[in-house]
Ligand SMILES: Cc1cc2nc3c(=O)[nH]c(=O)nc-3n(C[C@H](O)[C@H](O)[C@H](O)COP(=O)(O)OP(=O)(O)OC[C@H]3O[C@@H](n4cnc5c(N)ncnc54)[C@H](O)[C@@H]3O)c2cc1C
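Just one chain is shown here, as structure tokens, and it is the form predicted on its own.
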Amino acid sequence: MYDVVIIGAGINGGLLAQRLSKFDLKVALLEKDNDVANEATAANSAIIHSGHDPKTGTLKAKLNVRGNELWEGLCEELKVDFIRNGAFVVAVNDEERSKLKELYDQAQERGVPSRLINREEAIALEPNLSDAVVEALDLPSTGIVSPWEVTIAAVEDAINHGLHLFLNHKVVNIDRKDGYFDVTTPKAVFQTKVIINAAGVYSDEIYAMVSKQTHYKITPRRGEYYVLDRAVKPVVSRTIYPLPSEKGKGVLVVPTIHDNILIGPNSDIISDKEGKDNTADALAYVKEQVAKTVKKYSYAHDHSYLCRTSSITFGL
């Protein structure tokens, strides 16, 4: 009998396991893959957002700001890299400038460190910004990490404190008993008092195993990136955002902990949760969109910089 079974060993499941392992609890972490951090955790933009963007009044808006404050201490505890590299949200015309002011006001209301800077100061700090940029919102508390390294370190720490990790254990059924649950995988049945569903894009399927409600449904989206090899001079030192849209934060330019640059993602609704193939049209869209914020020659004129492409699937 376990006190807690966590389903899914991505960054959410891994960090939950790490925290719970500090208490007098018997905890199991179940993962369908052959290692932790194999899915969206291994292929996202790795940004620790400042909290300026989420919709006002939501739990996400509250926790994004608080989470940003906690990351530095967490990475120090886990002995993994964390860089507070900062970010710019850039406007390319007068209409976007007014929207940028709204984001600034929202950031100020939340206590997020921020300031509006003119084109001249922005270019002085990030010379590769596009000629179209007219103003920028400076967000110095934005950071970057390696999500898979955080997850691996968290799970290793949890194991050192008694966590039971079970890889290649895809949950296929959950039975509600009198005061506990039977969680079934092809290899075993786990009895537990509490289940934590951290199954990512499959969390709706886990939910359906214990509830007759049908309204909870994950809609998977595929996001595709270019990964640029290390350059003698970095393209940018900060994360560069366009103005956000209904699809999300847009096509970004993101430095990584390992001195690469990510460019992307697009955001396409797909039907297959395992749909991870890159598409030429999507990558062409990424190149087109990023040219609005960063000069083209900075990232794509020399194809020797393009060491590989990567894609992720994530749920909204």
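Predicted model only: the values in this text are computed from it and were never measured. The numbering used is simple: start at 1 and walk along the sequence shown.
Same protein, other form: the form predicted in complex with the ligand, not shown, and the subject of what follows.
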Any of the heavy atoms of R238 lying within 4.5 Å of the ligand in the model of the complex?
no
State yes or no: in the model of the complex, is some non-hydrogen atom of A153 no more than 4.5 angstroms from a non-hydrogen atom of the ligand?
no
Although the partner isn't part of this model, could you tell me whether D33 comes within 4.5 Å of the ligand in the model of the complex, counting any heavy atom of the residue?
yes
Report whether the minimum heavy atom distance between A46 and the ligand in the model of the complex is within 4.5 Å.
yes
With the ligand left out here, work out from 118-126, 98-106, 198-206, 131-139 which stretch has heavy atoms within 4.5 Å of it in the model of the complex.
198-206
If you check A28, I261, V286, A40 against the ligand in the model of the complex, which one has a heavy atom within 4.5 Å?
A40
Suppose contact means any heavy atom within 4.5 Å; which members of 2-36 contact the ligand in the model of the complex?
I7, G8, A9, G10, I11, N12, G13, L30, E31, K32, D33
